[in-house]
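Listed next as structure tokens is one chain, alone, in the form predicted alone.
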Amino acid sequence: MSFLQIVEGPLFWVAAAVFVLGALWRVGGLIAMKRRRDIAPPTGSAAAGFIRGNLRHFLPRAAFARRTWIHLVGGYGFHLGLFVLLLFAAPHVAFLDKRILGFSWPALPRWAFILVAEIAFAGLIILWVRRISEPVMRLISDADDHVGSWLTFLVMLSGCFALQQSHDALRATHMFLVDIWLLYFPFSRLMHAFTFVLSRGHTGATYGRRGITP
């Protein structure tokens, strides 16, 4: 069995299982976590507050927009770009079709892939430069933040190198980094991709139950 077959076969399935089970364990733990009972009579809807709390944070408040526009541009550029690449890059569509789902959907044309990849790279670089250049961000950042950023960067970069499919070594390198990324994900702050909904929703539900509009 070649290295490519290993990283696309047994190692990938192990990494995928750790990713899924680890993510479910983390999210389930947050949901099951005991919280202090709020004995005050409700004056609003916690469910509506949960939804409003999530939607409200997708855009900054006007008072802070000027100070946070770099974070907003970088964050949306990276996260939306990565989402599009994961689901609509032609090699990913083909991989999901053949290995996991058994069906496919229209993939990005090559020019769109390049454009989206550049946006995602630019967003990730902006976020990391902000992390190491702003005093407060630098103070609250630790090794986990930097490892997650650099590992994601290397996965994306190796994916671009493997796009031409000119050599199996490039594809194997990309898949090996993907496997490492999947194994690392549930035990790192990359989990915010799932937990941000619960975090924002919990705050919004608390406010909503008390009749407060954040």
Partner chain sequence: MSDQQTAGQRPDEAQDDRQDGAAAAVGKFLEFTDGAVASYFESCVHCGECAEACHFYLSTGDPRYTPTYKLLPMVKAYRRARAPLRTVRDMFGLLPDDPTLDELREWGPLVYDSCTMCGRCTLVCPMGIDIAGTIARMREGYVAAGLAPEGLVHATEMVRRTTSPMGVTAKALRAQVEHQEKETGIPISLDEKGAEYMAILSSMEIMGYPEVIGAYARLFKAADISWTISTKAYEATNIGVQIGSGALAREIVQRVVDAAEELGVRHVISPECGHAYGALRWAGPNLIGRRYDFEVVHIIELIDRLRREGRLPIGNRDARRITLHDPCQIVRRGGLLKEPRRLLDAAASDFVEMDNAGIANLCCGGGGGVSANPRAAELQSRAFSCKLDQLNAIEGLQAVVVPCANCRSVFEDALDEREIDNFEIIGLGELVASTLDQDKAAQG
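Quick caveat: nothing in here was measured; it's all calculated off a predicted structure. Positions refer to the first chain, counted from 1.
One more form of this protein exists, namely the form predicted in complex with its partner chain; it is left out here, but the text below deals with it.
- At the 4.5 Å threshold, heavy atoms of Thr43 reach its partner chain in the model of the complex.
- Using a 4.5 Å cutoff between non-hydrogen atoms, Leu87 does not count as a contact of its partner chain in the model of the complex.
- None of the heavy atoms of Trp150 is located within 4.5 Å of its partner chain in the model of the complex.
- Although the partner is absent from this view, Leu30 contacts its partner chain in the model of the complex, with a non-hydrogen atom inside 4.5 angstroms.
- Highlighted residues His92, Lys98 and Leu154: none comes within 4.5 Å of its partner chain in the model of the complex, counting any heavy atom.
- Taking its partner chain as positioned in the model of the complex, the residues of 1 to 36 that bring a heavy atom within 4.5 Å of it are, in sequence order, Gly22, Trp25, Arg26, Gly29, Leu30, Met33, Lys34, Arg35, Arg36.
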